[in-house]
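One chain is shown next in structure tokens, namely the form predicted alone.
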Amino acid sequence: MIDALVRGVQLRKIFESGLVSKRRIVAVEGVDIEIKSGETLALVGESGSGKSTLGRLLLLLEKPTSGEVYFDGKNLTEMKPKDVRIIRQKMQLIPQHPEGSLDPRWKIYDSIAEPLRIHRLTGRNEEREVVYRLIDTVGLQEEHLSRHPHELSGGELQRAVIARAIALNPKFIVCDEPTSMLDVSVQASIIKLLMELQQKLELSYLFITHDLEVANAVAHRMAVMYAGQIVEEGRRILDEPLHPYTRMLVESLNTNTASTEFGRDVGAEKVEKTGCKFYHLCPERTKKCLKSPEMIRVNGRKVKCHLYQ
């Protein structure tokens, strides 16, 4: 794991809503992020904090309002759409809701084979061999291929989506809450499969989750997101969290308190707001916090907090 395979530089995404009175919402604000070859970066935070939007920005499924995305040293944000389409073969998404990414009218075979057909990578005979190899890799059986999505269990559906995601031999996959809709026992098997595939195929993951225990289990590094910003990043940060928000997350895990009880919609930040995003909830806030803190290095990790500046 040396140079970054995927890198986002000062990524910002603003959504606008309303026909008459435009409301501008900052989903991602000034994020720098990188994932190295063969690495899993777990991205954690509350619902609405901007995690999924950031993942989609890195895949260019959402166009950033500003900032740049690099893949393997190439600036994707400066490329023509046809050139990005070629590179996107190496960048895939495993979504939270697998049923939403598979055409309900198609058999599982056709859903897995679709990427091969779109990019014209195989003939019919070779396609069949590739699809059978893929289902063997993810733990599905031949009988699953003739079924429709509604005929599969949640775990089987996710395995089919994973097979589809690795069909083009990607280097980078955004795993967006890939186990949150599954039973605990099935979660463990899917996580085990993803880790095995990472080793076998030399994959890099951005693993998005709100489950801190899952994040701790899968991550080489972890990034904590709050109100569109990464506030802390590093290795084993849950063992000794630095940022007050990270500490609150860890305390909620230890006391079984749901993170949604923190009392705010973290996705509803107005563009004009200044200062630390966590100011109104932080027990350690001072007047300095009325000015936005910089991301600095502390003990081998990064933290965005005036306590360390």
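The shown structure was predicted, so the numbers you read here are calculated from the model rather than taken from an experiment. Counting begins at 1, following the sequence as shown.
Below, we turn to the form predicted in complex with a small molecule, even though it does not appear here.
Proximity of residue 252 to the small molecule in the predicted bound form: non-hydrogen atoms within 4.5 Å are absent; the residue sits far from the partner. Although the partner is absent here, residue 40 sits far enough away that none of its heavy atoms falls within 4.5 Å of the small molecule in the predicted bound form.
Of the heavy atoms in residue 27, some are within 4.5 Å of the small molecule in the predicted bound form.
The small molecule in the predicted bound form is approached by residue 210, whose closest heavy atom lies within 4.5 angstroms of it. The stretch that touches the small molecule in the predicted bound form, counting heavy atoms within 4.5 Å, is 45-53, out of 30-38, 239-247, 63-71, 45-53.
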